[in-house]
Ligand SMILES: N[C@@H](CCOP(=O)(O)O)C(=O)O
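As structure tokens, one chain now follows by itself in the form predicted alone.
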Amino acid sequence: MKVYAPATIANFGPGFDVFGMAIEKPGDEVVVKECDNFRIEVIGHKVPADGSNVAVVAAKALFKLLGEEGGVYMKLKKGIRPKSGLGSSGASSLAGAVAAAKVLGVEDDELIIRAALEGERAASGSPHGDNVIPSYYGGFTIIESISPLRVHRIDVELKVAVVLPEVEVPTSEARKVLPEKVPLKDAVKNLAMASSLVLALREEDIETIGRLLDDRLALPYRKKLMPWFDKVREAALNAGAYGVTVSGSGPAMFAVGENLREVAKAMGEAFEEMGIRAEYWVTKTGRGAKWF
């Protein structure tokens, strides 16, 4: 059996640890077979090929949650670059959890996601669900609660320009720079932007969506890890983007607008001007995990 888990854009502007959107490409793929222990083989982007791989961590977690013995053999085709800001660890964790679920005959969404979140915990130190959950369900997701699992999904069709520079921002490091408290005015502003963004997404109002791609909770503190952010954002806006911000904890960035091929090119060229190689592409809201 094969399991496919798509990349995601987490936080999505003002929705820190709450909003997330699956994108059509790239993604991770796992071929799974029942086995008497846990083994993994990796092709594609370089990640551990042992028990520390988050796909294995998540698969083991599901077996443990059910009190089951045995294991799975997984061949992971790693299509999402690690430490990219595109939900790399979330996709692998989810693929591992779904792979184990298919072997065990488990169909309970909450159990599968709980197991996948253990992979995220191993990768970043925190079981945040804004990558795993949109990768599982597809579309745009709003996490009301993880335990119990309460997720709201918006079936939006949104195109985005994505740029991925050849630098890394580990999620664990990006979370360490966040303060324990933020000013009340910033919390209120984020609440206003997040509420308005949900309505704009339902109406597919791209201009308003772009205007609301801002954040007062995490981005101001994480920008010191991304000294290129302001220049790339300016390039995107000058090329016609309605809005642009970081994907997840970075370094990937994304933009919405009308002429997205030109926007993506402008962001890529801005990185190149700073001596940073970058790839860029246009993609859209993706479907969730699938198996076949």
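Don't overthink the numbering: it's just position in the shown sequence, from 1. Computed from a predicted model, the values in this text were never measured in an experiment.
The same protein also has a form predicted in complex with the named molecule, omitted here; what follows describes it.
**Student:** Could you spot which one of D17, E24, E279, E273 gets a heavy atom to within 4.5 Å of the named molecule in the predicted complex?
**Tutor:** For this set of options, the contacting one is D17.
**Student:** Decide yes or no: are G13, K159 and G210 jointly within 4.5 Å of the named molecule in the predicted complex, with each residue judged by its heavy atoms?
**Tutor:** No, none of the three is in contact.
**Student:** Given the stretches 201-209, 86-94, 110-118, 188-196, which is the single one in contact with the named molecule in the predicted complex, using a heavy atom cutoff of 4.5 Å?
**Tutor:** Selected range: 86-94.
**Student:** Contact with the named molecule in the predicted complex for R222, defined as at least one heavy atom pair within 4.5 Å: yes or no?
**Tutor:** Yes, R222 sits close enough to the named molecule in the predicted complex that at least one of its heavy atoms falls within 4.5 Å.
**Student:** With the cut-off set at 4.5 Å between non-hydrogen atoms, does T141 touch the named molecule in the predicted complex?
**Tutor:** Flag for T141 set to no.
**Student:** Any of the heavy atoms of K77 lying within 4.5 Å of the named molecule in the predicted complex?
**Tutor:** K77 lies outside the contact set for the named molecule.
**Student:** Does the named molecule come within 4.5 Å of any heavy atom of R175 in the predicted complex?
**Tutor:** Contact check for R175: yes, within 4.5 Å of the named molecule in the predicted complex.
**Student:** Would you mind checking 109-144 for residues with a heavy atom within 4.5 Å of the named molecule in the predicted complex?
**Tutor:** H128, D130, N131 sit within 4.5 Å of the partner.
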